[in-house]
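For reference, the chain that follows is the form predicted on its own, supplied as structure tokens.
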């Protein structure tokens, strides 16, 4: 990949609801913070890519609500109605086109203003599946049960992910949910859709984030600590859940292979220093670590129990707390990128991983991990 760097990041604190801020005000806050940190102005931004959803925002062409806040007047602005990691990919591609030197990438979501189960249900086939009432929790419960049965996992095994990540989140000032929970706490938190319980599931969050991308030619104008895009891969699985083997994720494995190849990584467990992955549900961290090649299929729980993925392990996974700590729907993947950038710059505060040089950020979209995007980032060019 031609040299492109992330030269600035900003994110809100994520909360159950931000009733005092509308979409434009929410986005304006992170863009303003980004400009203050980098010294950039709207004149320095060549084009803008936003990530938002008409369903979640309750209006058509949802990017229209924030165009003034991101400074889109008389500029090229495009919207990605998917996870923020894919908006970042589109933003990088626009620089690779040679037409632009900088791209501002912004993602926002206010889960508090929608009905998540109805929005999720609308994504299913309207003739045969929608009438069943299936939503995020129900679809993920099907996947969790299939995965757990295949590899003989208990609910207590899976609960260990929530215990780890929510403890990590105590050190993350942007987290919404955090604490010293036990396996019993998770087990007693109440079923949403068996076997998924409240503390196995990511919360509904409001929040926004912003990233400034720059070509190597101009990166030094904004920071002396650029973080370089070294590799990326994205892949999409089938639409119908019945057409897929829900106990594995060939789409994530394919996306990871492409990203690793670009970044010259052949042993991710040894070559990566930290990973932020899209754990919308606790069992997914186990599945995704397998698909990312950190361990063999079915060995995610052993990897977790060995301490490798702990915040003080050899490959910390979700030291920020991940999505179990906050899940602003369209922004969550881009937040994973931002957390990696903070780690590589040595700016992650109390959840800083010492000497982190290479990081993996993962985003996902669709039921049971239908679409995946994997980024490899480095502090070294």
Partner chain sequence: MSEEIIVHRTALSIPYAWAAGRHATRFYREIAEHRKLFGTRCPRCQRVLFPARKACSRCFTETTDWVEVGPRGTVTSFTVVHYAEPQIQPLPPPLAYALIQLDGADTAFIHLVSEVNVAEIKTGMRVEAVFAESPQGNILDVKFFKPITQG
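Numbering follows the first chain given and starts at 1. Model, not experiment: these values are computed from the prediction.
We do not show the form predicted together with its partner chain, though everything after this point is about it.
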item: One residue of 193, 265, 219, 166 in contact with its partner chain, assessed in the predicted complex (non-hydrogen atom, 4.5 angstroms); value: 193
item: Listed residue (149, 296, 188, 156) with a non-hydrogen atom within 4.5 angstroms of its partner chain in the predicted complex; value: 149
item: 4.5 angstroms heavy atom contact with its partner chain in the predicted complex for residue 307; value: no
item: 4.5 Å heavy atom contact, residue 224 and its partner chain in the predicted complex; value: no
item: Partner contact for residue 180 in the predicted complex: its partner chain, 4.5 angstroms, heavy atom; value: no
item: Touches its partner chain in the predicted complex: residue 243 (any heavy atom, 4.5 Å); value: yes
item: Partner-facing stretch of 286 to 294, 209 to 217, 123 to 131, 166 to 174, counted where any non-hydrogen atom is within 4.5 angstroms of its partner chain in the predicted complex; value: 123 to 131
item: Non-hydrogen atom within 4.5 angstroms of its partner chain in the predicted complex for each of 117, 138 and 141; value: yes
item: Any residue of 14 to 35 that, in the predicted complex, places a heavy atom within 4.5 Å of its partner chain; value: 19, 20
